[in-house]
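To begin, one chain is listed below as C-alpha coordinates, in the form predicted alone.
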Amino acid sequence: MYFHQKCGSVEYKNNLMSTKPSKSQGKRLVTIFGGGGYIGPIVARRLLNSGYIVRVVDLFLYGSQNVMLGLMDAPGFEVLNGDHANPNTVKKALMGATDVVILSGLVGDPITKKYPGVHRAVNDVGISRLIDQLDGQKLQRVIFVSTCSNYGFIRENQVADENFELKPLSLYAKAKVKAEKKLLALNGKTNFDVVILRFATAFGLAPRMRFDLTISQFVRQMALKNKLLVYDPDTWRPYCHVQDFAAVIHNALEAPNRAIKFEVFNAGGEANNYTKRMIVETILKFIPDAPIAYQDHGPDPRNYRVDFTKIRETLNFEPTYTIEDGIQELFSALKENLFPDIEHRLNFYGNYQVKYPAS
(Lines give C-alpha, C1' and ligand atoms only; values in the text may rest on other atoms or scores of the structure.)
Protein backbone atom coordinates (compact mmCIF):
# COMPACT_ATOMS: atom_id res chain seq x y z
CA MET A 1 0.00 0.00 0.00
CA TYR A 2 1.50 3.32 -1.07
CA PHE A 3 0.67 6.73 0.21
CA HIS A 4 2.33 9.99 1.10
CA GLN A 5 0.97 12.05 3.94
CA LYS A 6 2.16 14.72 6.34
CA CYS A 7 0.87 15.21 9.83
CA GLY A 8 2.71 17.78 11.95
CA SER A 9 6.34 17.08 11.15
CA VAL A 10 5.94 13.34 10.66
CA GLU A 11 6.23 12.40 6.99
CA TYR A 12 5.42 9.05 5.42
CA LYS A 13 6.61 7.68 2.12
CA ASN A 14 5.89 4.07 1.15
CA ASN A 15 4.77 3.43 4.74
CA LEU A 16 8.19 4.33 6.18
CA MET A 17 8.26 6.84 9.02
CA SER A 18 10.89 9.54 9.13
CA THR A 19 13.16 9.79 12.15
CA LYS A 20 11.68 13.16 13.05
CA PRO A 21 9.14 13.00 15.91
CA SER A 22 5.70 14.53 15.54
CA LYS A 23 4.97 18.04 16.80
CA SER A 24 1.38 17.83 17.91
CA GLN A 25 1.23 21.36 19.34
CA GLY A 26 0.24 20.17 22.78
CA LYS A 27 -2.21 17.51 21.57
CA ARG A 28 -1.80 13.98 22.83
CA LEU A 29 -0.54 11.49 20.26
CA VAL A 30 -1.95 8.02 20.84
CA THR A 31 -0.22 5.08 19.20
CA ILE A 32 -2.64 2.18 18.74
CA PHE A 33 -0.86 -1.12 18.26
CA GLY A 34 -3.28 -3.38 16.41
CA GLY A 35 -5.41 -0.51 15.18
CA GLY A 36 -6.34 -2.17 11.89
CA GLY A 37 -8.56 -4.92 13.26
CA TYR A 38 -12.18 -5.21 14.31
CA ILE A 39 -12.08 -2.62 17.10
CA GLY A 40 -9.10 -0.40 16.18
CA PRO A 41 -10.62 1.78 13.42
CA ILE A 42 -13.61 2.57 15.65
CA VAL A 43 -11.27 3.62 18.47
CA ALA A 44 -9.15 5.69 16.08
CA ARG A 45 -12.19 7.55 14.71
CA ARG A 46 -13.49 8.39 18.19
CA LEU A 47 -10.11 9.70 19.36
CA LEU A 48 -9.60 11.73 16.19
CA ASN A 49 -13.03 13.30 16.64
CA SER A 50 -12.02 14.19 20.19
CA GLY A 51 -8.90 16.07 19.08
CA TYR A 52 -6.19 13.45 19.54
CA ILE A 53 -3.42 12.67 17.08
CA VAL A 54 -3.73 8.96 16.26
CA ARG A 55 -1.07 6.62 14.91
CA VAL A 56 -2.19 3.12 13.96
CA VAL A 57 0.39 0.34 13.84
CA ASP A 58 -0.68 -2.97 12.34
CA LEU A 59 0.80 -5.88 10.41
CA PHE A 60 -2.56 -6.52 8.70
CA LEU A 61 -2.24 -10.29 8.96
CA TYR A 62 -5.74 -10.76 7.57
CA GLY A 63 -5.41 -8.42 4.60
CA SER A 64 -7.47 -5.65 6.20
CA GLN A 65 -5.37 -2.69 5.00
CA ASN A 66 -8.28 -1.09 3.18
CA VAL A 67 -10.13 -0.39 6.45
CA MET A 68 -7.64 2.45 6.94
CA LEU A 69 -8.79 4.26 3.80
CA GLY A 70 -11.79 5.72 5.57
CA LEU A 71 -9.45 7.50 7.98
CA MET A 72 -6.76 8.70 5.60
CA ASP A 73 -8.27 12.16 5.09
CA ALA A 74 -8.74 12.78 8.82
CA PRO A 75 -6.45 15.51 10.19
CA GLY A 76 -3.99 14.02 12.65
CA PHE A 77 -4.17 10.44 11.43
CA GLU A 78 -1.04 8.38 10.74
CA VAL A 79 -0.49 4.71 9.89
CA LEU A 80 2.52 2.42 10.07
CA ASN A 81 2.46 -1.05 8.52
CA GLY A 82 4.58 -3.08 10.90
CA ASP A 83 4.91 -5.73 13.58
CA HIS A 84 4.82 -4.99 17.32
CA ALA A 85 7.35 -7.80 17.76
CA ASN A 86 9.88 -5.88 15.64
CA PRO A 87 11.95 -3.48 17.80
CA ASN A 88 12.56 -1.11 14.87
CA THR A 89 8.83 -0.85 14.17
CA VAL A 90 8.13 -0.15 17.84
CA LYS A 91 10.85 2.50 17.98
CA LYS A 92 9.27 4.32 15.04
CA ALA A 93 5.78 3.86 16.41
CA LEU A 94 6.66 5.48 19.74
CA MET A 95 8.27 8.61 18.31
CA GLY A 96 6.48 11.60 19.80
CA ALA A 97 3.75 9.43 21.34
CA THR A 98 2.19 10.52 24.62
CA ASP A 99 0.01 7.44 25.10
CA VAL A 100 -0.18 3.85 23.91
CA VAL A 101 -3.11 1.49 23.39
CA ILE A 102 -2.20 -2.19 22.91
CA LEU A 103 -4.91 -3.99 20.95
CA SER A 104 -2.50 -6.04 18.85
CA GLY A 105 -1.98 -9.76 18.87
CA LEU A 106 -3.24 -12.98 17.40
CA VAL A 107 -6.79 -12.59 18.74
CA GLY A 108 -9.01 -15.43 19.87
CA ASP A 109 -8.83 -19.00 21.13
CA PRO A 110 -9.24 -20.85 17.78
CA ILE A 111 -6.53 -18.96 15.87
CA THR A 112 -3.95 -19.26 18.66
CA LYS A 113 -4.65 -22.97 19.00
CA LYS A 114 -4.24 -23.38 15.24
CA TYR A 115 -0.95 -21.44 15.12
CA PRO A 116 0.86 -22.00 18.45
CA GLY A 117 4.23 -20.93 17.04
CA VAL A 118 2.87 -17.65 15.73
CA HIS A 119 1.03 -17.18 19.01
CA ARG A 120 4.29 -17.49 20.93
CA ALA A 121 6.08 -15.05 18.61
CA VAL A 122 3.27 -12.46 18.62
CA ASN A 123 1.26 -12.80 21.84
CA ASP A 124 3.96 -14.02 24.19
CA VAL A 125 7.46 -12.94 23.18
CA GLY A 126 6.28 -10.05 20.98
CA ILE A 127 4.09 -8.39 23.61
CA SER A 128 6.76 -8.87 26.27
CA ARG A 129 9.36 -7.13 24.10
CA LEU A 130 6.91 -4.35 23.27
CA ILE A 131 6.33 -3.72 26.98
CA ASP A 132 10.08 -3.63 27.56
CA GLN A 133 10.45 -0.88 24.95
CA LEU A 134 7.85 1.40 26.52
CA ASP A 135 9.92 2.57 29.46
CA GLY A 136 11.85 5.80 29.00
CA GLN A 137 9.59 7.00 26.17
CA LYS A 138 7.99 9.88 28.14
CA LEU A 139 4.60 8.27 27.88
CA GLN A 140 1.67 9.35 30.03
CA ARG A 141 -0.53 6.28 29.88
CA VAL A 142 -0.40 2.72 28.54
CA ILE A 143 -3.74 0.97 28.04
CA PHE A 144 -3.52 -2.79 27.64
CA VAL A 145 -6.55 -4.56 26.23
CA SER A 146 -6.93 -7.93 27.90
CA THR A 147 -9.91 -10.29 28.00
CA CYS A 148 -12.63 -11.59 30.31
CA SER A 149 -11.65 -15.03 29.00
CA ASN A 150 -9.01 -14.89 31.72
CA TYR A 151 -11.71 -16.07 34.14
CA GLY A 152 -12.11 -19.34 32.25
CA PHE A 153 -14.84 -21.41 33.85
CA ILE A 154 -16.77 -20.34 36.94
CA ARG A 155 -19.78 -21.82 38.68
CA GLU A 156 -23.32 -20.64 37.97
CA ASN A 157 -23.75 -18.86 41.30
CA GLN A 158 -20.61 -16.76 40.94
CA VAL A 159 -19.93 -13.46 39.20
CA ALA A 160 -16.35 -12.40 38.50
CA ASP A 161 -15.09 -9.00 39.60
CA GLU A 162 -11.52 -7.87 38.96
CA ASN A 163 -10.21 -9.71 42.03
CA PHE A 164 -11.73 -13.03 41.04
CA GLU A 165 -9.27 -15.89 40.55
CA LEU A 166 -7.94 -16.08 37.00
CA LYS A 167 -8.22 -19.51 35.39
CA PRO A 168 -7.27 -19.05 31.73
CA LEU A 169 -8.07 -22.13 29.65
CA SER A 170 -6.59 -21.16 26.27
CA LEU A 171 -3.19 -20.11 24.97
CA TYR A 172 -4.72 -16.73 24.15
CA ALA A 173 -5.98 -16.06 27.68
CA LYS A 174 -2.81 -17.42 29.31
CA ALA A 175 -0.71 -14.94 27.32
CA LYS A 176 -3.03 -12.09 28.35
CA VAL A 177 -2.65 -13.01 32.02
CA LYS A 178 1.12 -13.12 31.63
CA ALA A 179 1.17 -9.66 30.02
CA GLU A 180 -1.11 -8.25 32.73
CA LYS A 181 1.27 -9.47 35.43
CA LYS A 182 4.28 -8.01 33.64
CA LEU A 183 2.63 -4.61 33.32
CA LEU A 184 1.30 -4.49 36.87
CA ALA A 185 4.77 -5.36 38.19
CA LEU A 186 6.00 -2.06 36.73
CA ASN A 187 4.08 -0.06 39.36
CA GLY A 188 6.52 2.39 40.91
CA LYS A 189 9.26 1.39 38.47
CA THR A 190 8.34 3.29 35.32
CA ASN A 191 7.43 6.78 34.18
CA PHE A 192 3.99 5.92 32.75
CA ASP A 193 0.70 4.74 34.21
CA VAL A 194 -0.89 1.45 33.20
CA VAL A 195 -4.58 0.68 32.74
CA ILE A 196 -5.70 -2.88 32.02
CA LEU A 197 -9.09 -3.40 30.38
CA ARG A 198 -10.50 -6.93 30.35
CA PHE A 199 -12.78 -6.76 27.35
CA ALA A 200 -16.00 -8.69 27.02
CA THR A 201 -16.67 -10.43 23.68
CA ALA A 202 -17.11 -7.84 20.95
CA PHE A 203 -20.11 -7.36 18.67
CA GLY A 204 -21.38 -4.60 16.37
CA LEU A 205 -20.83 -3.22 12.88
CA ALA A 206 -17.27 -2.15 12.03
CA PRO A 207 -15.08 -1.46 8.97
CA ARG A 208 -13.38 -4.83 9.42
CA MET A 209 -16.51 -6.77 10.26
CA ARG A 210 -15.99 -10.16 11.91
CA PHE A 211 -18.42 -12.99 11.32
CA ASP A 212 -16.50 -15.55 13.39
CA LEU A 213 -17.67 -14.10 16.73
CA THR A 214 -20.74 -15.44 18.50
CA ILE A 215 -23.37 -12.76 17.89
CA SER A 216 -22.46 -11.91 14.29
CA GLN A 217 -21.96 -15.57 13.42
CA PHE A 218 -25.37 -16.52 14.82
CA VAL A 219 -27.15 -13.61 13.12
CA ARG A 220 -25.68 -14.38 9.71
CA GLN A 221 -26.33 -18.12 9.88
CA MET A 222 -29.91 -17.56 10.99
CA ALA A 223 -30.47 -14.84 8.37
CA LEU A 224 -29.31 -17.28 5.68
CA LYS A 225 -31.72 -19.88 7.14
CA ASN A 226 -28.82 -22.28 7.59
CA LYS A 227 -29.31 -24.69 10.45
CA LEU A 228 -27.42 -23.29 13.44
CA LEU A 229 -25.91 -25.81 15.86
CA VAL A 230 -25.33 -24.13 19.23
CA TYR A 231 -22.99 -25.89 21.63
CA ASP A 232 -23.50 -25.55 25.40
CA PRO A 233 -26.38 -23.07 24.99
CA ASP A 234 -26.65 -22.19 28.67
CA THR A 235 -23.05 -21.09 29.21
CA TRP A 236 -22.60 -17.43 30.06
CA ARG A 237 -20.40 -14.74 28.49
CA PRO A 238 -20.34 -10.95 28.64
CA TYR A 239 -20.63 -8.99 25.38
CA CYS A 240 -19.92 -5.38 24.42
CA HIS A 241 -20.43 -3.30 21.27
CA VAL A 242 -17.34 -2.01 19.45
CA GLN A 243 -18.57 1.58 19.81
CA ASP A 244 -18.77 1.11 23.56
CA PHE A 245 -15.26 -0.31 23.60
CA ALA A 246 -14.07 2.87 21.90
CA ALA A 247 -15.80 4.86 24.63
CA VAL A 248 -14.09 2.75 27.32
CA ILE A 249 -10.64 3.45 25.87
CA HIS A 250 -11.46 7.15 25.52
CA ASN A 251 -12.60 7.29 29.15
CA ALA A 252 -9.44 5.50 30.26
CA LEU A 253 -7.30 8.10 28.48
CA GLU A 254 -9.23 10.99 30.01
CA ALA A 255 -9.59 9.74 33.60
CA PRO A 256 -7.45 11.31 36.36
CA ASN A 257 -4.36 9.34 37.36
CA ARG A 258 -5.55 8.66 40.89
CA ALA A 259 -8.57 6.78 39.56
CA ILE A 260 -6.91 4.48 37.05
CA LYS A 261 -3.19 4.21 37.81
CA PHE A 262 -2.19 0.52 37.57
CA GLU A 263 -5.80 -0.58 37.88
CA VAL A 264 -7.64 -3.46 36.19
CA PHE A 265 -11.18 -3.01 34.87
CA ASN A 266 -13.67 -5.45 33.45
CA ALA A 267 -14.94 -3.66 30.33
CA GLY A 268 -18.61 -4.11 29.56
CA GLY A 269 -21.94 -4.03 31.39
CA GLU A 270 -24.07 -6.48 33.38
CA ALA A 271 -27.04 -6.06 31.03
CA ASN A 272 -25.02 -7.76 28.29
CA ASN A 273 -24.17 -10.89 30.30
CA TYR A 274 -25.97 -13.44 28.11
CA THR A 275 -26.12 -17.16 27.51
CA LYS A 276 -25.95 -18.44 23.96
CA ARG A 277 -29.57 -19.51 24.24
CA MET A 278 -30.54 -15.95 25.21
CA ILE A 279 -28.73 -14.64 22.13
CA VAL A 280 -30.57 -17.08 19.87
CA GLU A 281 -33.92 -16.18 21.43
CA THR A 282 -33.22 -12.50 20.81
CA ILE A 283 -32.32 -13.14 17.16
CA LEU A 284 -35.52 -15.13 16.74
CA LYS A 285 -37.45 -11.89 17.30
CA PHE A 286 -36.12 -10.77 13.91
CA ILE A 287 -35.81 -14.16 12.17
CA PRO A 288 -38.54 -16.32 13.73
CA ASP A 289 -38.29 -19.25 11.30
CA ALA A 290 -34.54 -19.87 11.56
CA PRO A 291 -33.66 -23.55 12.17
CA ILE A 292 -31.83 -24.11 15.49
CA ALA A 293 -30.32 -27.15 17.22
CA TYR A 294 -28.61 -27.36 20.60
CA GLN A 295 -25.90 -29.70 21.84
CA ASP A 296 -24.05 -30.02 25.13
CA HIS A 297 -20.36 -30.75 25.72
CA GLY A 298 -18.93 -28.65 22.91
CA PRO A 299 -15.23 -27.86 22.30
CA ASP A 300 -15.23 -24.58 24.26
CA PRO A 301 -16.06 -25.04 27.96
CA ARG A 302 -15.75 -21.39 29.04
CA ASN A 303 -18.51 -20.11 31.27
CA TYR A 304 -18.37 -16.81 33.12
CA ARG A 305 -20.63 -13.98 34.20
CA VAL A 306 -18.81 -10.76 34.94
CA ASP A 307 -19.25 -7.89 37.41
CA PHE A 308 -18.77 -4.42 35.88
CA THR A 309 -19.34 -2.31 39.01
CA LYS A 310 -15.78 -0.97 39.12
CA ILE A 311 -15.72 0.48 35.61
CA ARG A 312 -19.18 1.98 36.07
CA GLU A 313 -18.26 3.70 39.33
CA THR A 314 -14.67 4.67 38.53
CA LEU A 315 -14.70 5.46 34.81
CA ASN A 316 -18.36 6.43 34.64
CA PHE A 317 -18.87 3.87 31.88
CA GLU A 318 -22.16 2.20 31.08
CA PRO A 319 -22.70 0.55 27.67
CA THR A 320 -25.08 2.40 25.37
CA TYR A 321 -25.68 -0.59 23.05
CA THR A 322 -27.63 -3.67 24.07
CA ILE A 323 -27.20 -7.03 22.42
CA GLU A 324 -30.58 -6.53 20.77
CA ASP A 325 -29.35 -3.21 19.32
CA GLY A 326 -26.37 -5.00 17.79
CA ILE A 327 -28.51 -7.79 16.39
CA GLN A 328 -30.94 -5.32 14.83
CA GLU A 329 -28.23 -3.22 13.14
CA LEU A 330 -26.46 -6.28 11.76
CA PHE A 331 -29.68 -7.89 10.54
CA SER A 332 -30.55 -4.64 8.75
CA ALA A 333 -27.09 -4.53 7.12
CA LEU A 334 -27.37 -8.15 5.95
CA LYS A 335 -30.86 -7.54 4.62
CA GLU A 336 -29.52 -4.66 2.51
CA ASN A 337 -26.73 -6.91 1.17
CA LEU A 338 -23.90 -4.80 2.60
CA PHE A 339 -21.58 -7.81 2.84
CA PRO A 340 -21.82 -9.47 -0.60
CA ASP A 341 -18.19 -10.63 -0.60
CA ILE A 342 -18.08 -12.67 2.62
CA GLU A 343 -17.62 -16.04 0.91
CA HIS A 344 -14.81 -14.66 -1.27
CA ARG A 345 -12.97 -12.90 1.58
CA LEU A 346 -13.40 -15.25 4.51
CA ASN A 347 -10.11 -14.26 6.11
CA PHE A 348 -11.01 -10.58 6.02
CA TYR A 349 -14.24 -11.29 7.90
CA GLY A 350 -12.73 -13.68 10.42
CA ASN A 351 -9.48 -14.76 12.07
CA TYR A 352 -8.92 -18.00 10.20
CA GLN A 353 -5.47 -18.06 8.57
CA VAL A 354 -2.21 -16.20 9.05
CA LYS A 355 1.15 -16.15 7.34
CA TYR A 356 3.77 -14.81 9.72
CA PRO A 357 5.99 -12.96 9.19
CA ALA A 358 3.95 -11.43 6.39
CA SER A 359 5.58 -11.69 2.98
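One rule holds for the numbers: they count along the sequence shown, beginning at 1. This one's a predicted model, so the numbers in the text were calculated from it and none came from an experiment.
FYI, the form predicted in complex with a small molecule isn't displayed, but the following is about it.
Peer 1: With the small molecule left out of view, choose which of 194, 279, 252, 103 has a non-hydrogen atom within 4.5 angstroms of it in the predicted complex.
Peer 2: Flagged contact: 103.
Peer 1: Which listed residue (52, 331, 60, 321) meets the criterion of a heavy atom within 4.5 Å of the small molecule in the predicted complex?
Peer 2: Flagged contact: 60.
Peer 1: Given a 4.5 Å cut-off on heavy atoms, tell me which of 153 to 161, 215 to 223, 199 to 207, 280 to 288 is the interface stretch with the small molecule in the predicted complex.
Peer 2: Only one stretch passes the 4.5 Å heavy-atom test: 199 to 207.
Peer 1: Is residue 175 part of the interface with the small molecule in the predicted complex - any heavy atom within 4.5 Å?
Peer 2: Because no heavy atom of residue 175 falls inside 4.5 Å of the small molecule in the predicted complex, the answer is no.
Peer 1: In the predicted complex, does residue 82 have a heavy atom within 4.5 Å of the small molecule?
Peer 2: It does: once the small molecule is placed as it appears in the predicted complex, residue 82 has a heavy atom within 4.5 Å of it.
Peer 1: Does at least one non-hydrogen atom of residue 39 fall within 4.5 angstroms of the small molecule in the predicted complex?
Peer 2: Residue 39: yes, in contact with the small molecule in the predicted complex.
Peer 1: Using the partner position in the predicted complex, report whether residue 122 sits within 4.5 Å of the small molecule, counting heavy atoms only.
Peer 2: Contact check for residue 122: yes, within 4.5 Å of the small molecule in the predicted complex.
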